[in-house]
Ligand SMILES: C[S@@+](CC[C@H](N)C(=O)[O-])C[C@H]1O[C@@H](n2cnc3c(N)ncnc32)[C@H](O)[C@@H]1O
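Here we start with a single chain on its own, the form predicted alone, put down as C-alpha cells.
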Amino acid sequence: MASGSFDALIAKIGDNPLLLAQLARTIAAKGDTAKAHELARRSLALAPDNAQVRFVATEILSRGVPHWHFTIVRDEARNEAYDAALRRVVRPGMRVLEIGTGTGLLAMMAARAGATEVFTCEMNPAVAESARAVIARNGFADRVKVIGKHSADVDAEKDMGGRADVLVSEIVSNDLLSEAALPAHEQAHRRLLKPGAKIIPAIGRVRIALAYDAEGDKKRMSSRCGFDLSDFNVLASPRYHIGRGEKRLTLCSDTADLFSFDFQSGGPWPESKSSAVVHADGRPATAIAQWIALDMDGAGHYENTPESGASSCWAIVIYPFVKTLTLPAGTPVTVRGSHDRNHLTIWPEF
C-alpha cells in the first residue's frame, strides 16, 4: 500500500484508537517505523486505559528497545555511583553532554546536580521520545534537551550551541567494549567537549580471575544413552554470562586487570593485546571469569565483582576451559586478551 493510501486511510479512521493501533501494526510491517510509532502513540493518547489498544501500541513501540533499559535503573549501586560523581563534578553554569539517553535518568541527575544545560543524545527514536516524556514529567524539560541522533552525528554548534564541560555516559557492556565505548569517547573528545572536560566514568577496567562454575558442565556435552556426544562441543559458545551474585560461581584465584582505559584522556585506543597473571588457590577451576570496574571521577568506584548474593545490571562473562583445571595453591596462570576496539577475546595460556 502506498503512503498516500495510508494517509487516506488514517484520515478515514479519524480518532478511533484501536483502528489506529492496528493500522500502525500494518505500517510497521511495511517498514515505516516512524509513522507506525506516531500512530501507536496517538492511539495510546486517545485511549490510555484501553488494554487492547495498549497491547497493540506497546508491541510496536517496544520493538528494537533492549531489555536492559528496564534492568539498569534498578541497579542502586550503579545509580548512587553516578549520582555521587555528578554531584562532585558538576558546578553551576556547566554544560553537560550525555551519550546514550535511555530513560533520561543520568541527564536528570546532571541537571539536579546544578548543570545549566544538559544535552543527551539517543539514536533510538522510540527511546528518545519516551525519555523526553520522562524528563518533562520530572520538570527538567527546560534544562535537558534530548538530541535524537547517534553521538557520532551530533554537531556541537548546531545541536548544542557549543561544546560541553562534562561528559557522562553509561555505554559500557558486560565486556566494557561492545557498545562502542572507545570510538564514542574518542569522537566526543575531538568534536563535542571543551579542552579539559571532565569524564564520568573516568576509567574503565576489565578484570579477570580463575573461577569454578558449579553448573559449567551443562554448557558441554559428554556421553548420553551410551553415545559419545563430545564432538558437538565445537558448536558451544566460547563464552556465556552469569548474573552477578549467583551462588554457582566461586572465584579460585586472586584478581587482576587485563585492560584499563583512561576515558579522561580521550584516547586514541588502537586494537591491542594484553596479559595478566593470577595465582590459583588450589581449588578446581572450570573457567576464567571476567567483569568490569569503573572509576567514576577519582573518588567514586563501581564494580560488579562476582560476590555471592550481590546484584548488578551487568553480568559476569565466563570463558570456560575445555576441562577442569586443578593446580597447587600459588601456581601462576597467565591469562591473555585482545580487543579490536569493539570486541573482547580472552584465553588462558597453559
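In case it trips you up, residue 1 is the first one in the sequence shown, and so on. Values in this document were obtained by computation on a predicted structure and should not be read as measured data.
Not pictured, yet referred to below: the form predicted together with this ligand.
Segments offered: 111 to 119, 163 to 171, 137 to 145, 251 to 259. Contacting this ligand in the model of the complex at heavy atom distances within 4.5 Å is 163 to 171. Interface membership of A184, defined by any non-hydrogen atom within 4.5 Å of this ligand in the model of the complex, is confirmed. Although the partner is absent here, N124 sits close enough that one of its heavy atoms falls within 4.5 Å of this ligand in the model of the complex.
In the model of the complex, this ligand sits within 4.5 Å of a heavy atom belonging to K149. In the model of the complex, this ligand stays beyond 4.5 Å of every heavy atom belonging to D159. Taking R42, H69, R54, K35 one by one, only a single residue has any non-hydrogen atom within 4.5 Å of this ligand in the model of the complex, and it is H69.
The single contact residue among A236, L229, A214, V73, judged by any heavy atom lying within 4.5 Å of this ligand in the model of the complex, is V73.
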